[in-house]
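What follows is one chain in structure tokens, specifically the form predicted alone.
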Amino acid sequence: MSYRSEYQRSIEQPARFWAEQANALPWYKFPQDILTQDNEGNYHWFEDGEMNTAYMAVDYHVDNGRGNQPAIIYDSPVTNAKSVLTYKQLQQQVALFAGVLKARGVTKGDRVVVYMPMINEAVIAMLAVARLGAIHSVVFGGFAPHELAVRIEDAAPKVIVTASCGIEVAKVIEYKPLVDEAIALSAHKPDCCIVLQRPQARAEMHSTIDVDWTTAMADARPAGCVAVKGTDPLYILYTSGTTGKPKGVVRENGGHAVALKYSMSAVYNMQPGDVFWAASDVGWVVGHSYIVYGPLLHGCTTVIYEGKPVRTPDAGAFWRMVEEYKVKALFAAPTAFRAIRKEDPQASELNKYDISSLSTIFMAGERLDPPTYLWTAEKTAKSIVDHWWQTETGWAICANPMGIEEMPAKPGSSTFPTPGFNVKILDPRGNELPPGHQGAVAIKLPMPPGCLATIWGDFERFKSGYLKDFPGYYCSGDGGYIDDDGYVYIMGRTDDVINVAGHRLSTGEMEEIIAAHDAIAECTVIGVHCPLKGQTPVGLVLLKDGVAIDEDTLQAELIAMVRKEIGPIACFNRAVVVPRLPKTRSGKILRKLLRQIAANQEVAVPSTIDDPGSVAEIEAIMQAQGLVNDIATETQ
């Protein structure tokens, strides 16, 4: 079937289309109410279906003869440890840990916070919670105590599951003191804290609620799968909110399983038994969807990697993994490949490995700039897929549908809307814009299965944050356009637009041009106040390792490039070389923070920042360069 006919069916007959996809999963009771609306007008999928996600992802494969197939490959260059868990072994571990949780009072609907590094036990804990019909909330390991406390208070978990430590490239981060402090800060107190002791740092077990993972597992009795409704929550995943209070995105069991199962074939072109590697973390949405649930629901082998794209030990780390485990599809953020390109621009490390098993490289999480796209495509000779999605949607809104029909790629575009996502470009009044015109990217309701159902404990925040701006649509918060061929271009958040002399210009477009310069490893563009034009763009650029270029020469070349591609209207006349850019742990440049510095506003440092010291460093540079003043305007 062609992409266009598949997409058309999904939009014109959504209930029928998704009922067909639901047939690929082993329900306890197949749903009859495929698509419903509640009293608030909110849409739900598979409301009367009965199921268990952990059964679908693990037990079903054991019951159908795949018990000896590897389910999880664990590779940890930071600890020099490797292991393989078969589906049968995974089932045994999940059932036992579900028994541990059950013995401590966890039942259907209870919440369990998981605060762990990238190890098998993190996945086991998630699946064990799902096995009991409970709700997990995974928090990225190493989050500061205040941020963890906020999430504990909001989710009100009965149990916290953690490890004694996480391991970065050159340091060990002790988790237990962070958890203890978070519990002390939180108004809600869990009944129990289960701790996995790792040899790199053993935790002090001093509280009456502390339980040792290994001891508890030795004493546990396996617990069975608990049936839930299709609309019962599977997990809460917190994402940054504009108010500073994180938003707990709620994912429902039925739609989540159907969407991810479908996406593994339609988007990623995977077959049961293939090896799929999402080089992310279980604390992020990519980890939930494509380290844990998507591959396992589809009967694939998934990879848990406790390492980095570079310096564990070198820029060949990804390619070594592909060769060693015969990875068919690799999924990572563009920042990972920029890091590899920066340290190994000629891809000499890549040439040491056989990556013939690799079919496709998928990138998401931030805008994939064409230079990174083109470098990765040239050096690997693989298909590169830029796909766009959000924590809220849980899977790709737009992608090149590799399992339906591979479409010609256009660098800078995330290709076409995925079946189920009715993507429109709207003006501020909610009118649909013609091809080529930039506006707000919105999705006409109903959203397909797998997208957020609400915000945990705050339906009004869900409505005001996503449904209010354009009635009848989900507002993505991103800006972009659709070209004459139907290709979707995401140009960044709608606040990444600057107004230069009355002209609205995308900083993403300027970043694309600057990043194409041979000397540039990474860059960002922000708008600063100009008394004549309102705002003018300024580029903050990071040079590739080993590159030496006069800053005045570089600036002149970048100005000429932007002038050539956009024209004098861009008014781009300033580029500043910086040693690093402030980023989140998942690699996103903190553009809003940079705009706040430029505007001399109070800087809101998000909990997801990778290195807080980078803020003071960049602030000092911007001050010294005269990029901070009292009348600078934040681009909103």
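One rule holds for the numbers: they count along the sequence shown, beginning at 1. Note that the structure is a prediction, hence the values are computed from the model and not measured.
The form predicted together with a small molecule is left out here; the points below concern that form.
So if I measure heavy atom distances to the small molecule in the predicted complex, which of the stretches 119-127, 380-388, 81-89, 151-159 falls within 4.5 Å?
Stretch 380-388 is the one.
Give me the residue from 527, 419, 450, 365 that has a heavy atom within 4.5 Å of the small molecule in the predicted complex.
Only one option qualifies, and that one is 365.
Tell me, which of 71, 404, 192, 490 has a heavy atom within 4.5 angstroms of the small molecule in the predicted complex?
It is 490 that has a heavy atom within 4.5 Å of the partner.
Just to confirm, residue 239 within 4.5 Å of the small molecule in the predicted complex by heavy atoms?
It does: once the small molecule is placed as it appears in the predicted complex, residue 239 has a heavy atom within 4.5 Å of it.
Would you check, heavy atoms only and a 4.5 Å threshold, whether residue 323 touches the small molecule in the predicted complex?
Residue 323: no contact with the small molecule in the predicted complex.
Would you please decide whether residue 478 lies within 4.5 angstroms of the small molecule in the predicted complex, comparing each non-hydrogen atom pair?
Contact with the small molecule, yes.
Using a 4.5 Å heavy atom cut-off, state whether residue 511 contacts the small molecule in the predicted complex.
Contact check for residue 511: no, nothing within 4.5 Å of the small molecule in the predicted complex.
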